[in-house]
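Quick setup: one chain, the form predicted alone, written in structure tokens, and binding and motion questions come after.
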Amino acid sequence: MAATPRMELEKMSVEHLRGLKEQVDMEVNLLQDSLNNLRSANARLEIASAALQDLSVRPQGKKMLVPLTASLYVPGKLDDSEKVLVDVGTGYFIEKTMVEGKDYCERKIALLKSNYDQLLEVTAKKRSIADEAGAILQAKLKHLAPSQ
């Protein structure tokens, strides 16, 4: 019968526990950063999907402001609302129909949600290990303190 993770942690020395806790805490921080990045990317795709929906109902020839950057807009006119340019990453754009553009956004949103859920599960497990290692480390340090 294999030993439980808690039993394995209890067998570790104080130095090993301290090192493990620091390593797992660092991993949790990196995973948390990744979760934030996924959340941010998902929000951008949600905005893009809403923009596509808005564009699909506008009449041809409609005057509008076109974003060049996050804070720079130029006046423009809607030429063809059935064709859109989709940013597929690293500066590459693909011309798609409105339906294909919406489908692309929805698929990417679903993929990001799936990745987010998986990463959230891994982060919770790592955080649990860090908490358990911290608790065992504190108990061992408390136990060693009176004997010194």
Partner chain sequence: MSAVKELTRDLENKANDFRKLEKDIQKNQQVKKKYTIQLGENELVLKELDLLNEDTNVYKLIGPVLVKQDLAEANANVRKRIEYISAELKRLDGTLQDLQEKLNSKQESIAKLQQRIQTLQAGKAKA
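Positions refer to the first chain, counted from 1. All values derive from a computational prediction rather than experimental measurement.
The discussion below concerns the form predicted together with the partner chain, not included here.
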In the model of the complex, do Arg58, Tyr73 and Pro75 all reach within 4.5 Å of the partner chain through at least one heavy atom apiece? no
Identify which of Val122, Leu111, Met98, Ala41 has a heavy atom within 4.5 Å of the partner chain in the model of the complex; exactly one of them does. Leu111
Lys62, heavy atom within 4.5 angstroms of the partner chain in the model of the complex: no
Answer with yes or no whether Thr69 is in contact with the partner chain in the model of the complex, where contact means some heavy atom within 4.5 Å. no
With the partner left out here, check for me: in the model of the complex, does some heavy atom of Val88 sit within 4.5 Å of the partner chain? yes
Although the partner chain is absent from this view, report whether Tyr104 comes within 4.5 Å of it in the model of the complex, heavy atoms only. yes
